[in-house]
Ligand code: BES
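What follows is one chain in structure tokens, specifically the form predicted on its own.
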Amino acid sequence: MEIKVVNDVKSVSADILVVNLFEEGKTSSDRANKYAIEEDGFKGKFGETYLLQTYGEEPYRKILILGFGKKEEFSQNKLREAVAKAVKKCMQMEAKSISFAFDGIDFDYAEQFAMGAYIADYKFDKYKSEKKDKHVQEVYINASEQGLKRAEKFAAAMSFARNLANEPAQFATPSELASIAKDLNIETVVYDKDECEKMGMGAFLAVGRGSAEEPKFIHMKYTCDNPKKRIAIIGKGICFDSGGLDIKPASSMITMKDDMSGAACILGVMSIIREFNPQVEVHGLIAACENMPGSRAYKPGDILTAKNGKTIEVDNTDAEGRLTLADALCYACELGVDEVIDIATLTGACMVALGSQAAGIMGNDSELVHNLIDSAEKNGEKFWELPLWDEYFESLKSDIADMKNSGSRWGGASAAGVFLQKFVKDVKWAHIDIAGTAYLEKPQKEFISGASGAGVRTLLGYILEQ
């Protein structure tokens, strides 16, 4: 899809012209006003559409009227969602070109308009033997070219992440993630199992022991002259999670290829960061492995030693993500960065609390947490702060080690956060749990089912604001 800026969108010969209608208002099309509003009583409630034929009397074949709802309730997020709906409807009609003529909007809508269009145009059909080409080729709009270009890059990073998380585990192995990272034209070091052992990453390596796939610790780095800030971003990289010896039921395992959605997010961010040239040093870290019940798999009751020397009693082998993140957090804190942000499909408890509508966030620095929440809101995502109280550690206490890797089912998302905090030293830190938002089991708002690229927009937006 190519989005083109034109001054007079109504003069463009396109398949479909899309006009907006606020409730109690009029559109910018006389034909739409006459037939849809006056004769058929179309109200323009949010998300409603009305299709009108032009019978060759206009440069476009059809007019699609897009309901924007009450003007006082309209927002950037609603605009993005409405645009995505319009693009999907046009795709169903196999339109190749669309003009958008919006009227009465009181804010700069270029960026969220483009995000809506690009998100709607996404599909993952790599493994389909017959591909149905219903993509829109050209979109015309009178909007800020700068905002459109920024959104194009954000959308490319999102698609990069979504493609990776949608890939089957047979493709997206730890070695493949490492290879992809090396191909990003950014400084990258990949540590193999022996090197991770020398660094003392006993928690991370234990998780990967039961798999035939070798674990890989990936360190990508973007830098610039005199950076204003140094940030490490960490993505959970469990390329497939069977649950290990505490194996998941089959119904819970079917989507576990997405357990590396945090890693996919980090790779998506690092794939595009050079094009923005931010004055921030960014380290992208991924501890990539599979959690499998092989003959060498780690076992309930095992005692693991993390990179910082803390010992962990394995209470449940399906609480593996926090073990890999523990060593990644230790590594990040040794880089001399100002902030560490990890993002992970970490707990079902977070999904129970927040559903698929929002990610949970917590951390040791209120300003960092709330800046990330603000970035999420500006860029079309939702984060909700969860508590990180010491009391949550009570259920993680062990009689024979410094801590257990899981405990009570109550307050599980916060307990996991408190566990991770034990591996953070002398740095501002935030933890983002995307268990509910990373992979959608059915279409939701502008997204189709499958991987959503959760966190990409928020982290990119946050980095660019520094």
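This one's a predicted model, so the numbers in the text were calculated from it and none came from an experiment. Throughout, we count residues from 1 along the sequence that is shown.
Unshown form predicted together with the ligand; subsequent notes refer to it.
Quiz item: Pick from 280-288, 215-223, 94-102, 341-349: which stretch has a heavy atom within 4.5 Å of the ligand in the predicted bound form?
Solution: In the other structure, the partner sits against 341-349.
Quiz item: Might Asp318 be said to contact the ligand in the predicted bound form, defining contact as any heavy atom within 4.5 Å?
Solution: Looking in the predicted bound form, residue contacts with the ligand include Asp318, since a heavy atom lies within 4.5 Å.
Quiz item: Within a 4.5 Å heavy atom cut-off, is Lys248 in contact with the ligand in the predicted bound form?
Solution: Result yes; Lys248 sits at the interface with the ligand in the predicted bound form.
Quiz item: For Arg322, is any heavy atom within 4.5 Å of the ligand in the predicted bound form, or not?
Solution: Residue-level check for Arg322: yes, a contact with the ligand.
Self-check item: 4.5 Å heavy atom contact, Ser406 and the ligand in the predicted bound form
Solution: Because a heavy atom of Ser406 falls inside 4.5 Å of the ligand in the predicted bound form, the answer is yes.
Practice problem: Note which of Ile180, Ala157, Cys196, Met256 lies within 4.5 Å of the ligand in the predicted bound form, where distance is taken over heavy atoms; exactly one does. | Solution: Looking at the other structure, the residue within range turns out to be Met256.
Quiz item: Would you say all of Lys236, Asp241 and Ala435 touch the ligand in the predicted bound form, counting a heavy atom within 4.5 Å as a touch?
Solution: Yes.
Quiz prompt | Within 4.5 Å of the ligand in the predicted bound form: residues from 204-218 (heavy atom criterion) | solution = Sequence-ordered list is empty.
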